[in-house]
Each structure stands twice: as C-alpha cells, then as structure tokens.
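As structure tokens, one chain now follows by itself in the form predicted alone.
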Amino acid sequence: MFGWEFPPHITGGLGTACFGLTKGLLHQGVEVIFVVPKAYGDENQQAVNLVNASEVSIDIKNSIYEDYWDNISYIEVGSNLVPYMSPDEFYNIINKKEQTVSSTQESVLSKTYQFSGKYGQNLMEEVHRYALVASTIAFQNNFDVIHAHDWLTYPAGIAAKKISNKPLIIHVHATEFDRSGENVNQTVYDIERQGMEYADYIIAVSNLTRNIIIERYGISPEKVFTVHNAVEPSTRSDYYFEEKHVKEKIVTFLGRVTFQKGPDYFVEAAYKVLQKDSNVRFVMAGSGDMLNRMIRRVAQLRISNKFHFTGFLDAENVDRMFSMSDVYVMPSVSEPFGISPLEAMRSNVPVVISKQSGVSEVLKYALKIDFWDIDAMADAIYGLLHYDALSKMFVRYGKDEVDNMKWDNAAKSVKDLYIKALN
C-alpha cells in the first residue's frame, strides 16, 4: 500500500482514512506493507508494517529501473501543496527524456533518496522518485495486491505493477475537479487518468466521486466501486469537556481554508446569523490559501469581535474544539467524502453539511444545504442553536448513526475487491 502520509503526521483526511482502513484490514486478516515517503519513527504501526521510502536503497545500475526513468518529466511547483489542493501555478517543465543511467547516478539519484514527506516546491520530483523507490520495494517484497492512495502515489503503484505484474487498486480520495473546479491542472489530471487506466479496479470514496471518474476521466463503470469512509471509534472525545470561557454559543468550521471547502460561504452565513442573534461566536479552524482573504472579509463585515481564526489544529486540539462547539458546519463546494462531520457527530455536535459532499450520501441525521445557499445555511445554524429539541434529536441519533459507520465494514468491501482482482 502506497500513501503519502500516516498519523500522527497528517495535513488532512487522507492520512486519517489510511490509518482507519489499515486497522480494518488487519481485522479482516489482511497484512499490509504501508509505504510512506518519510517516516518519523512515532507512527502507530499496530496494523501495518511501515516502510520508510527514505531508507530504501536503490541499485541505479539495475536494468529494471531504466525503462521507468527514461520518460520522467519534472515540474517545479510554484506553491506549497497539500493532498487535496492543486497548485496555483506550474512552471518550467523540464523533460529528462535523454537521461542516461550514468548521469542519473551522478546528478539525480543517490543510493537512497531523502524524501521531505511534505507538499512543497519539489513535490512533483518527489512523486517520480517515489515511483522509482516503489520499483525497488516491489522487487524486494512478497505481496499479492498493490493499493495506491490518491494521485501522489499512482506513479508508484504503476511502477510496482510493471515490476511485479500484480493487480493494482487505486483509491480516489479526491480528483483534480474537486481541488480546482474547472480550472484543472493538466499535469495532475494526466497522472490521475493514467493511474485509473492502469488500475485493475478503482475505489471511490463516494458515488459523487465515482460519477466524476466515469464521466470526466472516461473510465468504464465496471471497474469503479464505491467504498464509503468511516470514523475511528470514540476515544478522547468522550471525556473532553473543555471550558468555553465565553457565554456565547460556538459555531465551528474546521478544514483547509481553500476554494474546495467553501470558507467564504461560511463567513457570509455567519454575518446573517449575527444579524439575528449577536450571542454567537464563529470559529474558522485551519489554514490555506484563502485565509488572508477570509480575515479581510470578516473585517469588512465588521464581525471580527465575534469571529476567531485558530490556524491548523492537531488531533488533540480538534477534539477540544469540538467539545466547545454547539454546531459544526462543512459548506464544501466539492467534497469527495468528508470525515470531519463524522468526527463532530461522534463528539455530540450537530452538523450542517453541503449536499455537494460524499458524506451526505450516508448521513441521515445532518442538516443538508447547497453550499451556495447562505440563507439556508444561516437558517440551519440558527435553528440548531435555538431549538433545543431539534439539536438534541440530531445529537442523539447522529451519534448512534456514526458509531455504526465502522472501518471494519469498509475494509471488508476493500478485501472483497482484492479477492476479485486476484481471480
């Protein structure tokens, strides 16, 4: 299994989903070798054999790698990336088509390559070098199936398949259309499509994502299967009772502050709620390329005394934030799934989610609105804050609903697909 991050070193839902799925697969009797570009030594390995790609030695003179290296293109990325966020600009495509093994040895590769494990300016270079290391790992290990998560690891999955001739499953947690709308980056789109075409089967995290794969990438419906995400069982959330230190109700947005997540609609809805009730505070927890714009907009609306920006929160502080929240809002413009509403409901917080999210396919006890309908969003927030019977109903039945969404069930579906690929 190829991933790009693993708890506790995560930037979004991708690492969280990988962790939950691998635990579920362990319960299903599946042994997982999980490869990451960079391991830090403190990862939870109860369900996986974690392989640090930065420690894998490459024999660059071995002919098995030559074909893969011949046509690698590098793109220097002009902005930092996170897994679900596309770059603002791509610059300076440098073709390495004529690269020889000897010059490769001298100027491009060392015996081991130290990956940053980040989403920075050398991301595309690391994606391709990760694929080269994947060839070595596939050559050296015994396994039955290859499973690659998100576009960053599709080249690694393809390389491993070419070396081993084992079936490849790719897991689509988001597409370039989710990250960038219609302004897709062609290079990322091409990597995604190539991964989908090479894959024996494709796992989509929602029917919404499955339809995008079929319609926008031209993939046969017969090879695309939906497996909805789940949520880890309650742990800290059950006994976190953080003192709010404010008398007002608290409404929370938690996620990357990017186009995809709809933070601007949350700000506009907050303004409308505050016109009706000033006894509310709004929190935007997260960071991203739209953060400064959101701060400016809050100032323009003159609601900054009722609006808080926390920056990125780690897992413990996410639980603390949920324990103080009265309503959680996920107004995503395009959300392939969306684990955060499940985490909120697990923490006894009622949620408002956009209809344009995969998680809306599986949740009954959540208020669902169109992301662009800020009037409906404001009304939903106001209703949950002021009508106790409504809020208590969503808390009670929502908690039960989420507790029944187990990673073991998702893992069973994934294992069935593994078996199908092997037959």
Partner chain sequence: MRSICFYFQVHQPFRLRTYRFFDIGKNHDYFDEFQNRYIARRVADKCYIPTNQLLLELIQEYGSRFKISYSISGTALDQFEKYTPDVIESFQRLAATGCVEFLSETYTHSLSALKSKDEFTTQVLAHRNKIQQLFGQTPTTFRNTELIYSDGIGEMVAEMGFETMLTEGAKHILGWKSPNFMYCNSINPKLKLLLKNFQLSDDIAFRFSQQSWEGWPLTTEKFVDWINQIDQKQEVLNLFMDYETFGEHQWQETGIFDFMRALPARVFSHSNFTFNTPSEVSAALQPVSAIYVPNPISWADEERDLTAWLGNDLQDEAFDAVYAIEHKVKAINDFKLIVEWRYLQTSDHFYYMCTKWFSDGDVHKYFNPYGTPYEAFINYMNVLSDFIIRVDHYYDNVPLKEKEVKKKNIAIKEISKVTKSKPATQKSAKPSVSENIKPIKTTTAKKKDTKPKKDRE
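Positions refer to the first chain, counted from 1. Computed from a predicted model, the values in this text were never measured in an experiment.
Although not depicted, the form predicted in complex with the partner chain is the subject of the following passage.
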Answer range among 201-209, 321-329, 176-184, 138-146 for contact with the partner chain, defined in the model of the complex as heavy atoms within 4.5 Å: 321-329
Flag this candidate site as yes only if 250, 283 and 303 all have a heavy atom within 4.5 Å of the partner chain in the model of the complex; otherwise mark no. yes
I need to confirm a contact call. Of 317, 226, 348, 194, which residue comes within 4.5 Å of the partner chain in the model of the complex, counting heavy atoms only? 317
Residue among 220, 279, 165, 292 with a heavy atom within 4.5 Å of the partner chain in the model of the complex: 292
Does any part of residue 309 reach within 4.5 Å of the partner chain in the model of the complex? Heavy atoms only, please. yes
Taking the partner chain as it sits in the model of the complex, is residue 313 near enough to touch it, meaning that at least one heavy atom pair lies within 4.5 angstroms? yes
Please run the contact check for residue 215 against the partner chain in the model of the complex: heavy atoms, 4.5 angstroms, yes or no? no
With the partner left out of view, is residue 131 within 4.5 angstroms of the partner chain in the model of the complex by any non-hydrogen atom? no
